[in-house]
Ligand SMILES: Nc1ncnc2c1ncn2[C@@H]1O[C@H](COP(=O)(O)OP(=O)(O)O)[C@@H](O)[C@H]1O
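Okay, so here's just one chain, in structure tokens, the form predicted on its own.
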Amino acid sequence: MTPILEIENVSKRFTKKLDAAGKIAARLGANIREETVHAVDNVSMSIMPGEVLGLVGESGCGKSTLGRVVAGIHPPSAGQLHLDGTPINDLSAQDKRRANLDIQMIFQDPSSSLNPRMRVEDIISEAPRMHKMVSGASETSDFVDDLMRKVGLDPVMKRRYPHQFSGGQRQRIGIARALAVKPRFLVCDEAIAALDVSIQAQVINLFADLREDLGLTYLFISHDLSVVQHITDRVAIMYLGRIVEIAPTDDIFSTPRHPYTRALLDQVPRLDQRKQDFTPIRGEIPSPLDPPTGCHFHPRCPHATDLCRQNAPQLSTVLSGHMASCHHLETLGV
């Protein structure tokens, strides 16, 4: 089966240029230079049709940036994306427009991602009207009503503004807006993180229902490992812009191979380990302005050697469908 999306050696960097004063200061000998954030560093992975791939990592690891690259919000600094086996950059203008509609994003904070001056019916119908997917007031109204019912909202409320809804309802509006252009792939960027726990369960169930009803594929970005374990088929672990491990969800939680994955899972509270003393991962995540040489995790890894400090490990197959990037996989094997 051809992957619906293939990410090939994708990197994303953000460079802050020097202003006029900075350039003058640099010429006069001041220790000032352009700053480059290495947000995503040479990421490669594939996502199959109908799959839910979880993307997990600490804050600042680059997972949201990767999601925005996948959704077409940020162009990659290097590498390319393949949709249905074809590089997106090689598509015709018409096919590229369809590809942009095929991949939609649901943002973390529905309060800031919805236009407060637009009514809900206009928020949901704006893109379909622009792309001529609906025409006429009657068809547009019926289209909005159907989408609102599909995400669990009463169409009677479609004339209201976003501030007149609860947080969970606003997130449902964001989901309806994403579904309005009939996408095949949704990037969910911490889509339930801003919601109450009880509402989180409802939205997770909604994602599962939409996946079954519409045949959707998800890139589910989250820091909540319990949610990821519940909803995903595979999990990719990200650290400082790189994928360090990717495997089926059950394998990640039962037999993690990378030291960083093990450290993350050790921090998850469990009822059968009430008396366990939790020890946080030592040190802080390094700055993406100046990432470490070699393996990015080596300053915090208890197994690091000179090889780790000098050479970056590549993702290698541990078992069928299970890959990890560590120089000491055989030593650390379980």
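Since the model is a prediction, treat every value here as computed from it, not as a measurement. Counting begins at 1, following the sequence as shown.
Beyond what is shown, the protein has a form predicted in complex with the ligand; the following relates to that form.
Enquirer: Hey, in the model of the complex, does residue 292 get a heavy atom within 4.5 angstroms of the ligand?
Expert: Result no; residue 292 lies far from the ligand in the model of the complex.
Enquirer: Taking heavy atoms only, is residue 266 within 4.5 angstroms of the ligand in the model of the complex?
Expert: Looking in the model of the complex, residue contacts with the ligand do not include residue 266, since no heavy atom lies within 4.5 Å.
Enquirer: Taking heavy atoms and a 4.5 Å cut-off, does residue 31 contact the ligand in the model of the complex?
Expert: Outside the cut-off, so no.
Enquirer: Residue-level contact is defined here as any heavy atom of the residue lying within 4.5 Å of the ligand in the model of the complex; does residue 61 satisfy this criterion?
Expert: Although the ligand is absent here, residue 61 would touch it in the model of the complex, with heavy atoms inside 4.5 Å.
Enquirer: Answer with one of 301, 52, 45, 39: the residue that has a non-hydrogen atom within 4.5 Å of the ligand in the model of the complex.
Expert: Exactly one residue meets the criterion: 39.
Enquirer: Could you tell me which stretch in 305-313, 292-300, 23-31, 52-60 has residues with non-hydrogen atoms within 4.5 Å of the ligand in the model of the complex?
Expert: Heavy-atom contact with the partner occurs in 52-60.
Enquirer: Give, in sequence order, every residue of 283-311 that has a heavy atom within 4.5 Å of the ligand in the model of the complex, or say none if there are no such residues.
Expert: Heavy-atom contacts within 4.5 Å come from 288 alone.
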